[in-house]
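As structure tokens, one chain now follows by itself in the form predicted alone.
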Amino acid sequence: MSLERPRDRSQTVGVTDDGLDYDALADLLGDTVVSRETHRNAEAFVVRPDEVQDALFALRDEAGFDHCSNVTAQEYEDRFESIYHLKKYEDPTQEVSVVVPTSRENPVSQSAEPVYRTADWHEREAYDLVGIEYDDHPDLRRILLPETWQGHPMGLDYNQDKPQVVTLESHANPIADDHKEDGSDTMFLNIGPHHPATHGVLHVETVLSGEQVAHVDPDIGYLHRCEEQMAQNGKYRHEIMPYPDRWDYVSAGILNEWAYARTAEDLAGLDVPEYAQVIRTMSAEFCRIAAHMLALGTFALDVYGEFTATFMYTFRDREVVEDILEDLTGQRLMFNYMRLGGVAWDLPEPREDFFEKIRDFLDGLPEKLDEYHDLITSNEIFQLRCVDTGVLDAETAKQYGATGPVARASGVDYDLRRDDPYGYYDELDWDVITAEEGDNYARVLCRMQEVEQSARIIEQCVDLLEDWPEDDREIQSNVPRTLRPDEDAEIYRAVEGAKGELGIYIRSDGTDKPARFKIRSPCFSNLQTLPEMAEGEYIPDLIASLASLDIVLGEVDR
């Protein structure tokens, strides 16, 4: 079935001038709906586990929900539950959730993979960590933990103190197929883990036909970070905020912090002063620039092994950004600057020196970007390696839930800063960058142009902050010492991270800690597109395609 968005919005079920008509959506789903739930920013329909595909096909094809942004799995005392968080690329403020309960004795439900390809990895994660099984799933096996792992770590009865005893014979031999079979035209090749081109501990199982890539299977999960479980053991007010910095740990800390702040603030009904929103917006865009600079340098390194000029130039400029962020937050990578209801403290004194440092950086940025274009994008070798390689078309990007520069370079005009506004973005003048080509070259250009837009945003924020009345510089709202959101309150919220949609689902049990904390990582969904981009290409193009995704493994397996 086609994933194309219905052309005539008047024919899209549930859409009204005032938003979504959930009663109309309930009529569309008919008898598949068992009951309804009210989540904080979207209604949820509870459907039977053997009618998941019927419900999702109807919502996708008749109501326009073409973006399965996240899948959350959790266990209750009396049941297991999967939640499909659905949005529209055309308008992500139109959201709905599909809740699928299953019994504890037989935790099996239909797979959503035939409807949304991105459900493949998300359901494998749900099976791996929680223990829910999905009928008709094409490849239901563990994704974050080894196949030899015993139990499901996010399950209620999981014993964390029980040692994982695995005999040597039980370990899979990673090079068992690393030879050319008699009569076979293909060869199995392991790329990574611990390979410079895989940016950390990524293992890419690759099947080659001659020099061309016949099949690719990214093997993730070597970090085993347990970030969700650690967040579930932290109190809302102060003990969770340090963790988001560690997801995309290379530069994007404040963007990550904002994802948690936005979700928890909406869950607890907290306001954020306007002055703090401007500071948040400015600091987040500095993080976006730092992340894109790193992506640019490592991309050049991967594509033509250029470890001197370009890589060092990007780090030179990234260091200036880190200096500014250090002045603001006191830290260089793990900022821990946001607080629920605002930010930790005001701008550094003297403010004039801080603003002057920012303006010096912004004034010199156009020349630096021209330099990068001379070094990279106008380089003939770079163009030969990147133009028309690793092509990802828009509809395929949507099927996999791709977001951020990866989707925008394929023509998917989707940016939560504009489409689901938060912070101070909707008060500022800036553009969403898109491209139509969808190749490795387009993804690089998209990030470089986004740096220019981030600079525009920062400049406007500085103008506002310079003239902000001293008596009105409120950095935090009045937040209770202990937060206890209503029992069974549920919410999914997201922000536009450097890599794309970074979302968080939280379910409250009425205590001061989340009962369930689920992270929607843009790197996780974006990496899933790699086989679509690389199969049929040459090995060097596979490396370029992987680099163009700009993944951070710490955010992939969380």
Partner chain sequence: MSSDSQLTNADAQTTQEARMGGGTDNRFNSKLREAFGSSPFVLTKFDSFMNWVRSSSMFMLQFGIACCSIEMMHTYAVKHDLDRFGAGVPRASPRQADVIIVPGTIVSKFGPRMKRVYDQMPEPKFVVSMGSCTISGGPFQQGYNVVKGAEEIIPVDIHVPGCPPRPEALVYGVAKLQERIGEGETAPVTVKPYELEEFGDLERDELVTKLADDIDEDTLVMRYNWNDSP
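The shown structure was predicted, so the numbers you read here are calculated from the model rather than taken from an experiment. Positions refer to the first chain, counted from 1.
Another form exists, predicted in complex with the partner chain; not displayed. Remarks below refer to it.
Shown here without its partner, the chain carries 272, 388 and 418, none of which come within 4.5 Å of the partner chain in the predicted complex through any heavy atom. Interface membership of residue 461, defined by any non-hydrogen atom within 4.5 Å of the partner chain in the predicted complex, is ruled out. For residue 478, no non-hydrogen atom is located within 4.5 Å of the partner chain in the predicted complex, even though that partner is not displayed. Heavy atoms of residue 380 never reach within 4.5 Å of the partner chain in the predicted complex, leaving it off the interface. With a 4.5 Å cutoff on heavy atoms, residue 163 counts as touching the partner chain in the predicted complex. Considering the partner chain in the predicted complex, the lone stretch of 361-369, 434-442, 331-339, 391-399 in range is 331-339 [heavy atom distance within 4.5 Å]. When you look in the predicted complex, the only residue of 467, 77, 105, 169 with a non-hydrogen atom within 4.5 Å of the partner chain is 169. With the partner omitted here, the residue from 140, 226, 208, 344 that has a non-hydrogen atom within 4.5 angstroms of the partner chain in the predicted complex is 226. Heavy atoms closer than or equal to 4.5 Å to the partner chain in the predicted complex belong, across 186-200, to the residues 193, 194, 196, 200, ordered by sequence position.
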